[in-house]
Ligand code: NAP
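There is one chain below, alone, in structure tokens, taken in the form predicted alone.
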């Protein structure tokens, strides 16, 4: 009898339905985790609905997983049964290439990182990896992350789950490009990613501004830690910010004009793109970049070492995602609401709803 309960989609138009499969038995370096909560990311929707190419069905999404260790392999020394643990966007990489040995497994040069779902499963238990919309997972201990019990006491375990994607996706560029005291940082968009960006930038000590198209988000942005809110469709408000930002992190996943933001950067300022639009952005003005030595860059989650650093930072500062907890049976409804941006700011699945 299959040992793992889950919810899966069988094609791009099918609703989620119960699904059962076998996870592998823990090997010498494996950690088995009984999953308690899993965040819902827009990437899950893109994959489940085949909006990004290459979805293999049945598909079990989910890459923001938290739970409790139930078994460990003989060679595992970093986790023991009963520990709280987390798994993020990746579960494997070559571990030997230049990127992996530098702690940047997400940029693995050999075969790319193995995603938590919809990647070829080299262990052969299933055709592709299955993610966190499930009752348990078995993962190499090098891709397993520690959760502080004090952090859970402060914010609750469910609110920690989205840190495994939304949290690290924002933390990595903020750290890489030096967000901190004496720096002015802009966050474009106040969704699942953006609200974490505001919280983290504020905690790092930067003067933090939110760019939004909606004036109604100003109050919430300031509650989350924004020092100012700039209405991006207000040309005068944008013009007043010219040449003032050290860093702007753009979370928007729709194609849009990047010149509106590059013109706000100081000399040597950087615009970092983390949203992945279905169609390319309009080509930015080279002159806007050349005359102030500005940069447009991209960033993808973070390595395991940096992800653990982010979790520890969030534990120290009491930071977590603002979440709405749902049962697994409401995942289709959650997807429909997510398309309408009808969530503040991240859905999290209570996996107890899968039943015993």
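Here the structure is a predicted model, which means the values were calculated and not measured. Numbering follows the first chain given and starts at 1.
We do not show the form predicted together with this ligand, though everything after this point is about it.
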(request) Identify whether this ligand in the predicted complex is within 4.5 Å of every residue in the set 32, 142 and 308, based on non-hydrogen atoms. (result) no
(message) Using a 4.5 Å heavy atom cut-off, which residue among 264, 137, 209, 190 comes into contact with this ligand in the predicted complex?
(response) 190
(message) Which residue, 165, 249, 200, 226, is the contact with this ligand in the predicted complex, using a 4.5 Å heavy atom cutoff?
(response) 165
(request) Pick the stretch from 283 to 291, 53 to 61, 300 to 308, 315 to 323 whose residues have a heavy atom within 4.5 Å of this ligand in the predicted complex. (result) 300 to 308
(request) May I ask you to check whether residue 123 falls inside a 4.5 Å heavy atom distance of this ligand in the predicted complex? (result) no
(request) Using the partner position in the predicted complex, report whether residue 48 sits within 4.5 Å of this ligand, counting heavy atoms only. (result) no
(message) Considering non-hydrogen atoms and a 4.5 Å limit, does this ligand approach residue 73 in the predicted complex?
(response) no
(message) Since only the chain is shown here, I'm wondering whether residue 214 would be in contact with this ligand in the predicted complex (any heavy atom pair within 4.5 Å).
(response) yes
(request) Sequence order please: the residues of 37 to 75 with a heavy atom within 4.5 Å of this ligand in the predicted complex. (result) 41, 42, 43, 46, 52
